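Form predicted alone, single chain, as structure tokens, below.
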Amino acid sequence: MARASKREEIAQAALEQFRVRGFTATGISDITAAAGAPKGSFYNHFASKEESALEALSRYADGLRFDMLDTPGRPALERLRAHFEFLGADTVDNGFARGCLAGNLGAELADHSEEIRSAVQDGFQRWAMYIRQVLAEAQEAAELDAALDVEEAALFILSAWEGTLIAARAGKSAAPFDAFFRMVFDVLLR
């Protein structure tokens, strides 16, 4: 009788381990132990730890709730704020132990893995595009100053968010989130 595939469990465990421990500190044995799978089964599904990190990035992006940014019937800036509140709550609810996987892998591996660097860059460009679309919609609805360069603002907001996550995790404090929301929504996007 054939054994059931453990790919799903291994892929999900890799995502969680990379979010909590980082790429370098996570071993294959950490991933398989968290998945409840034999160590050798990892290589039945992934050619390398790097390949599993690429899968983890894709899964992480699926959980970022980009759908919140285009929910009909809600003002654009409210949707943008709700998106970042959702992401911030995840960090706080997990005891500041998990940040943005894309930011973490980008900082850790951009100089060492072209494939991961490229995937992280693509992910950030996609996220900035969603933010840019929301800002443009807010301008069209006269919720936002028409003179604001939405492309630059989207890049700034995303970059500020990534820094906020690092500061919140380093200080084990929600204060950086409070500063982010005040500066972005009460100053920049007012």
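No experiment lies behind these values; they were computed from the predicted model shown. We number the residues from 1 along the sequence you see.
Separately, the form predicted in complex with a further copy of the same chain exists; it is not shown, and the next lines address it.
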Residue contact check: residue 148 to a further copy of the same chain in the predicted bound form, 4.5 Å heavy atom: yes
Proximity of residue 86 to a further copy of the same chain in the predicted bound form, heavy atoms at 4.5 Å: no
Contact test in the predicted bound form: residue 164 vs a further copy of the same chain, heavy atoms, 4.5 Å: yes
a further copy of the same chain contact at residue 66 in the predicted bound form, heavy atom, 4.5 Å: no
All of 20, 104 and 155 with a heavy atom within 4.5 Å of a further copy of the same chain in the predicted bound form: yes
Sequence-ordered residues of 148-187 touching a further copy of the same chain in the predicted bound form, heavy atom within 4.5 Å: 148, 149, 152, 153, 155, 156, 159, 160, 162, 163, 164, 166, 167, 169, 170, 171, 172, 175, 176, 178, 179, 180, 182, 183, 184, 187
